[in-house]
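So this first bit is one chain, no partners, the form predicted on its own, shown in structure tokens.
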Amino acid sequence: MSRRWLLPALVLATMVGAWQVAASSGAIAATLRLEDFLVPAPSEIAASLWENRSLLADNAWVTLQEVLLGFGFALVVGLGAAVVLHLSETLRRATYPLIVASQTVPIIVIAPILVVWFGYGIGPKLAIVALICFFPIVVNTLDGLRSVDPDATKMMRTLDASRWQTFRRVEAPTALPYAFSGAKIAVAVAVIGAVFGEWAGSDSGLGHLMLLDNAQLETARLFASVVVLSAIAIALFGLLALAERRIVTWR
């Protein structure tokens, strides 16, 4: 495990070190023709993380709730939709193109509309997160259900297995790794959906804090919010990867 993470850690350390030198020397600001305070060094971002830890933690909790609730809703609906579409070929042919077409509408366009319709509460944020998460979950799970070995299905039929028994013993185990893959993609982008929702209209959350920091030119704290958002996404992705290893033991 240590060897697995050694190379990425070295690359990250090298990039952060180069950023620190370039920002501290003013090279980045000079290249971009910006004021020095607009290009914070990693050390300044780290200091902002510590100095504003309470503020960041309070807003991170708001964003985390939106991510978890929206992702949870999308997971339940996405898995259910994938199963229904798998069992009904007619329904799949009728609705699958619409599901794909729904992804052509930018979520950043939908977010303000949902805020106008449902107000500035948590509802629009959950809807935005769920919309972003739904597609990778349903598509990956459906692909998994359709990737079952035909010989395994035939064998279950010769054993006089019911449709439910075939689904439970063959199709669901085959699709489970695909479902986890879709869920990991979804939870990584769920944070983006929560931020978009908060940008469209909110009085709390890291997205709201980022808007304030951008307007007030608090660039170090702005970067600190980005670091916290990345940490949330990485942690949730890691938890799902751990759950996959514990559950999908046959992979």
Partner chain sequence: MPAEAREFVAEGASPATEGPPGVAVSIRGLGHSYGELRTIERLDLEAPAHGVVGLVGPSGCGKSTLLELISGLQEPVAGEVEVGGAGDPRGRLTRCAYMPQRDLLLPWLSAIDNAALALRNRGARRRAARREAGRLFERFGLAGFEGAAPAELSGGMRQRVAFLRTLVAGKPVLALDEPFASLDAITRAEMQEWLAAALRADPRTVVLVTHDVEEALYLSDRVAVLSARPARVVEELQAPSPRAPDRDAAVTDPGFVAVRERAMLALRGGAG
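Residue numbers count along the first chain shown, from 1. Model, not experiment: these values are computed from the prediction.
FYI, the form predicted in complex with the partner chain isn't displayed, but the following is about it.
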Leu159, heavy atom within 4.5 angstroms of the partner chain in the predicted complex: yes
Touches the partner chain in the predicted complex: Arg146 (any heavy atom, 4.5 Å): no
Contact flag, Met155 vs the partner chain in the predicted complex, heavy atom cut 4.5 Å: yes
Residue contact check: Glu89 to the partner chain in the predicted complex, 4.5 Å heavy atom: no
The partner chain in the predicted complex: contacting segment from 130 to 138, 78 to 86, 117 to 125, 163 to 171, heavy atom within 4.5 Å: 163 to 171
